[in-house]
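One protein chain, two forms: both are listed below as structure tokens, the first as structure 1 and the second as structure 2.
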Structure 1
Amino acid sequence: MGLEYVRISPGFERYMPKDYVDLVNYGPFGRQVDVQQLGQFKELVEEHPMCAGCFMAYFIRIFYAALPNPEDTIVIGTAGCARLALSQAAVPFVYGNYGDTNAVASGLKRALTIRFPDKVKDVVVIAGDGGLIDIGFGMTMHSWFRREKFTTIMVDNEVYGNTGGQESGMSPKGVQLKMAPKGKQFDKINAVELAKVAGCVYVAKLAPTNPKRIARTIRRAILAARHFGPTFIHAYTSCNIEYSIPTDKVLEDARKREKQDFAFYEWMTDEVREYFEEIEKQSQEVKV
């Protein structure tokens, strides 16, 4: 990170909140942090009201440590649990209306490209399965059809968590939820294949069991979106509340689901693959 946009005017140090001062003194500004250094620097994301043991919150924590260029990144979220943490970070955040994230991101990315022609501005959408694949489905798809150059991350908890347990298109078939008492009647949507068909140039699926790999995947998705087109990450991020997972079993559940139906998967176009081979050879930039 180059630009120091978080600084304190001389004389005001002792009046600033401690968290802000910590961010200036021990934050990732002016240096490139690695996810392995977590716990040894002040993180960009602050305390937030997501539930104890929530692995969506965990994924978001890793996300902020993995950003290749947080000072020039804009995060777009919407209604749903993720925004509760996304809105508490020292990275600009835009709250898109529910379902609108990918339309907002399309316009924003295009505007930033015109306004800052000599700068890289990364735009990343993070939203739930309901926000992206149910209610926002049309806008998600059309941003991909149009090859808009930003990253979409679906934090898939397989339910509408924030509104108390309705089934989503991403809930597995048969699952009983508070507001799906008969059990879900239809299959889980295959979001990864949809993304490939719709024009994404980099697509990945993962369960949050390996922080280094999550970080590498996020960086790759962002870098590929800068140069080539839309990119998509489908991340399993359990809702321990609606799925009644004891909090100390949340990582065990992620490891189990990884073995069942969330094995790490990564797909990219030849062009993107060649680009990664080149930059990963040249520098260690993408290797986290």
Structure 2
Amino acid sequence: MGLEYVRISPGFERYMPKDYVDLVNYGPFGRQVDVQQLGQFKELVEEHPMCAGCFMAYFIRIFYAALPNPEDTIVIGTAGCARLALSQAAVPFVYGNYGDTNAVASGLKRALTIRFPDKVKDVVVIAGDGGLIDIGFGMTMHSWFRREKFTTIMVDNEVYGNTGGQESGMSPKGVQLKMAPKGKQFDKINAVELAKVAGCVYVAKLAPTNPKRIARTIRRAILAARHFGPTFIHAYTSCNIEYSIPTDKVLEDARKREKQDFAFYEWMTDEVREYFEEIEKQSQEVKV
């Protein structure tokens, strides 16, 4: 990918699909869009087969609008609910074997660095709690130990929602699910602390209640990964099917969980903090 690759050669606009022409002319390629204006610009993902009311789909929509440089981004996912939307977006998507996403991302990021030494190519992994912290735990942790420079986002619906409702390591203790009728016997894994101990330079946890904050967090994670090392975002994205949350109550549920155990949390190393302070200082100077 790349901005020149995305653009349409002069004279060929009339032969291209209208959706693609609109994406080039009114989409986020080559510019930063405002997530608070969703619906007022051509988005990178507009159709998907995810469940009605799914907050994971909502989070993914904001994710694509938040990318600093979508034309130079590759997304990696795997089996699970998220890939149903990720694979429909106008951004290159690589499907990794279940649990292997961070190993695939490690190789891809290294290859892109060699192939494009003068350009920045962002690699972002988006997968569920099963793919990253249960079955993918080893690959996830070792990519962090090696200080691989890409972002990992866990869309945590606290269940294996794509395969019938089994409990995961991220399911809350005591919760009863269709395929966990006796209730989960141990506590929810503390993925945030694991990420910090394993070497991530930027770590955040959030519930998808504030689009502007989500976008800012995603951009920060990607920018920090470019220069300093692995970054991680733990996002609560409820499964309204397995947890029987009415479609019109998913936002209410997100706000409730935000108060209980998903209050916004952000941690970064000193060098990353100094980097963001310098960026914000330069941004203020430009505005003045």
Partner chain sequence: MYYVAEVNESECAKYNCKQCVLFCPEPNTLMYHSTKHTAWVNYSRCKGCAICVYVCSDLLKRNCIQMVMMTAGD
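What you are looking at is a predicted structure, and each value in this text was computed from that prediction instead of being measured. Each form is matched to the other, and the largest set of C-alpha atoms that superpose within 1.5 Å is called the rigid core. Counting starts at 1 with the first residue of structure 1 and goes up one by one along its sequence.
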Discussion item. I need to confirm something. Of structure 1 and structure 2, which is the form predicted in complex with the partner chain?
Written reply: 1
Worksheet entry | Did Glu13 shift 2 Å or more between structures 1 and 2, C-alpha, core superposed | yes
